[in-house]
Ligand code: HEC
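The chain below stands alone and is given as structure tokens, in the form predicted alone.
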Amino acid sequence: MIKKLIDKLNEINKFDRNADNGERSKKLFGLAALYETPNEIIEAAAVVAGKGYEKFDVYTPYPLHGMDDAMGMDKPKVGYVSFIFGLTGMCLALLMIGWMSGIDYPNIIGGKPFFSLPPSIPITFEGTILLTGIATVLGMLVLFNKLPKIDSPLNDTDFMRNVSSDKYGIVIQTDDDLFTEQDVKNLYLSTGAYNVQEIFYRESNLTTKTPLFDKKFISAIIGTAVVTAVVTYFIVNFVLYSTVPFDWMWVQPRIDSQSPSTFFPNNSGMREPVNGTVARGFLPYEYKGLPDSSVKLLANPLAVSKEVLERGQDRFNIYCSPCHGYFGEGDGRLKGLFPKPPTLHSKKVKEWTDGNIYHVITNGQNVMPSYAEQVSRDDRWAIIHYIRALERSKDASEQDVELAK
């Protein structure tokens, strides 16, 4: 059975070279000329274009700078196709995101708008690039290069063998409005061509049949796709997880949050810290849970500097100003949704030590919760420096005003 399958594949893939090299028809495709040097072919292309010929092409073994200008070629139009489809991809991506997040399935996330342009940029960029790339490749192959075209009359001619090796050539087709055989030959010879050839159509070129729609070719494509899908499915679903243990990313020696574990006696995967231990890099707060009056030996370890004050202002505006206001006067932005806090410019707060304010931020007071989880230790001390600056600005002396100038 395997031998029959191999024979069938060989039959499908068999290439009939005799048919490809079959006798040519008597219909002339065009006249081709060969040149020895790059300069000769560039000059010849300029002359041909200058004479008004339009249906001609130049063949060289490698790209030649200046050939586009010599042939009088316009700027390639593939850029317009790329731009149009890129713009289409951008618009479709924005419409997709706007529809999904703003109309079809809106989500309230932190009071942010349902549709916002900045977070949509990555997906929009991907959509733009995707359609631009596809349109550029397909437009270049199908619209401009007229591909797939695998049976050109130039194939397997002495002309093509030469220009794909070390010579340079030009072909003027017979369907050009200015084409007359003798005039074209004289033109070639006048531009220094050392060889002029007649290129005739093959009989297969004169039919509309294309090998792309050959039953054997299509069957081979379908068969290859089916075999690839079956083999891939078998490997991914059986070999990688059964025959070969490819599951180290799937099955990991760890315990997920809120999951049980038979390793511990109470079958709980989540564990409380061991009594009397301190996490690495963590300094416990010694006054936790105590009133602010018990705070005695607690001083601000940060020196006053421009950087510390700016950091304190940044953290204060984020975490403190919603309730206390930007200037610490208790005029926050909550519009009565939360009890109004006292001003930070009161005599009590001014007479507090930095340690007392730090204790309130860390431990919380009355309806104010602890901010130890949200604000780091150094940021709390920086906030206190900024609060002191606000207090001093409220009751600034003449000397302070002069220094501020």
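Start at 1 and count along the sequence shown; that's the residue number. If you're wondering where the values come from, they're calculated on a predicted model, not measured in any experiment.
One more form of this protein, predicted in complex with the ligand, exists but is not displayed; see below.
Among the residues 324, 167, 311, 202, the one placing a heavy atom within 4.5 Å of the ligand in the predicted complex is 324.
Of the residues given (361, 44, 34, 31), 361 alone sits with a heavy atom within 4.5 Å of the ligand in the predicted complex.
Judged by heavy atoms within 4.5 Å of the ligand in the predicted complex, the contact stretch among the candidates 58-66, 23-31, 350-358, 44-52 is 350-358. In the predicted complex, the ligand sits within 4.5 Å of a heavy atom of residue 339.
Taking the partner from the other structure, the ligand in the predicted complex has no heavy atom within 4.5 Å of any heavy atom of residue 115. Using a 4.5 Å cutoff between non-hydrogen atoms, residue 320 counts as a contact of the ligand in the predicted complex. Using a 4.5 angstroms threshold between heavy atoms, residue 383 counts as touching the ligand in the predicted complex. Contact annotation for the candidate site: 187, 190 and 194 all lie away from the ligand in the predicted complex (no heavy atom within 4.5 Å).
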